[in-house]
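Form predicted alone, single chain, as C-alpha cells, below.
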Amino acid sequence: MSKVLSGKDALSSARKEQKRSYWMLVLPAVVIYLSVMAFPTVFSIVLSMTSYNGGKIFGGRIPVEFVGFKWYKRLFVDEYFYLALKNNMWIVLVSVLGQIPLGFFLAYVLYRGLVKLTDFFQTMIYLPCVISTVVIGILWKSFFSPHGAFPEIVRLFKPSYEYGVSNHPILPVLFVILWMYTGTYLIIFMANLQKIDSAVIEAARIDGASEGQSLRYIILPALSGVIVTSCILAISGSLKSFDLIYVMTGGGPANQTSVLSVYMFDKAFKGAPNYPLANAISTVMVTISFILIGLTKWAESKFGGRE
C-alpha cells in the first residue's frame, strides 16, 4: 500500500514539476505579448473613444472625456480618409496580384532551370529587399523628379514631352513597391519549391504531362498554404506601408499619394495633435487587415488545394 501511495506521490510531483517548467517557459512570452501587443491595442481602441488631446505637454486644457464613436463618425465623412484608403487598396492589389504572381513566376523559372545564371538572377531580384527603404525612396524620387532620368528617357521617344503633375501620381509608387518587394516572394517560393520531390514532377513528365499540367496539378496544390501565407504578409505589409511613401512623396501632391499610415501620422504629429482620431485610423487599419485576411483564408478553404 505504501508503495502505491509513494508512486502516486511521485506522479503528482512529476506533474507539478512539469506544470512549473511549462509556466516558466511560457510566462515570459505571455508577459511580453500582453505588454507589447495586447495592452497597446486595447489602449489605442480606448483612446480613440476619448477627447484626449496630449495633456499639458501640448497645451491641452480640456479634461479627458469619453466621447464614444465621435472620431469614427468624423473619419468616415473625411474625403482624405477615402483617398488614403483607395491608395491603400491599390497597394494591396499590386502586392497580392502583382508581387506574389510575379515572384512565383520568377521562382518557377529559376527552379526549373529555364534560364542560365540562376544564382545571379536570384541575387539581383532579391537585392532591393536588403537595401534601406529610405535609400530606395530617395533614389526613385530623384528618378521620377521633373529634372530626373525618367523625363529624359521619355523625351528620347517623344521630344515634345513636358513633365508635369500626373493624373495618377500613385503609379510611380506602385511601380517601386512592385519592384522592391517581389524578391521577398521569390525567395519564399524558391525555398518551398525546393521541398517538392523533383522525382514526382519528372514522373508526371514521363507520363505525358505538359509543363502547364505539372504546374497546375502538382506544384500549385503543394504550395497552397505558402500562397495563403504570402497573401497575408502582402496584405499586412500593404496596409502599414509608410516609410517608402513618406520619403518618395510625403503623401503629396495634395494628398494624392497619401495612405492610411501617412494620414494617421499627419493627424498625430503634424499641427495640433489629434491622438483620438489617429488611434481611430489605426483601429480601422487593423479591422480592414483582419477582414482581408479572413477573406483570403475563406477563399483558400473553398477553392485552394491542400499541401
Partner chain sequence: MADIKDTKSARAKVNKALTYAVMFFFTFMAIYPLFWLLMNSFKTTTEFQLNKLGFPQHWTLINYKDAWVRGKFPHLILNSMVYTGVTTVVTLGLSFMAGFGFAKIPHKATKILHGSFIIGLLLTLQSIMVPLFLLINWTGLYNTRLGVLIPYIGIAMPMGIYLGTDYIKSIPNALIESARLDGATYFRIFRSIIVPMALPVGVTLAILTVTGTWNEFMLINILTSSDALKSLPVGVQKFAGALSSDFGKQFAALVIGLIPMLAFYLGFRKEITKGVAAGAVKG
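Throughout, rigid core stands for the largest set of C-alpha atoms superposing within 1.5 Å between the two forms. Residue numbers count along the first chain shown, from 1. Everything numeric in this text was worked out from a predicted model, so none of it was measured.
Not on display, but discussed next: the form predicted together with its partner chain.
Stretch 127 to 135 is the contacting one of 216 to 224, 87 to 95, 127 to 135, 71 to 79, since its residues have non-hydrogen atoms within 4.5 Å of its partner chain in the model of the complex. Checking Leu171, Val109, Ile196, Ala203 against its partner chain in the model of the complex, a heavy atom within 4.5 Å turns up for just one residue: Val109. Though its partner chain is absent from this view, in the model of the complex it lies within 4.5 Å of a heavy atom of just one residue from Val30, Ala254, Val67, Ala272, which is Val30. Proximity of Ser261 to its partner chain in the model of the complex falls within the 4.5 Å heavy atom cutoff. By the criterion of a heavy atom within 4.5 Å, Met49 is excluded from the residues contacting its partner chain in the model of the complex. Of the heavy atoms in Trp140, some are within 4.5 Å of its partner chain in the model of the complex. Proximity of Asp9 to its partner chain in the model of the complex: non-hydrogen atoms within 4.5 Å are absent; the residue sits far from the partner. Residues of 29 to 48 lying near its partner chain in the model of the complex, listed in sequence order, are Ala29, Val30, Ile32, Tyr33, Ser35, Val36, Met37, Phe39, Pro40, Thr41, Phe43, Ser44, Leu47, the criterion being any heavy atom within 4.5 Å. Once both forms are fitted on their rigid core, the CA atom of Gly68 lies less than 2 Å apart between the shown form and the other one. The two forms, fitted on the rigid core, differ between the shown form and the other one by 2 Å or more at the CA of Tyr33.
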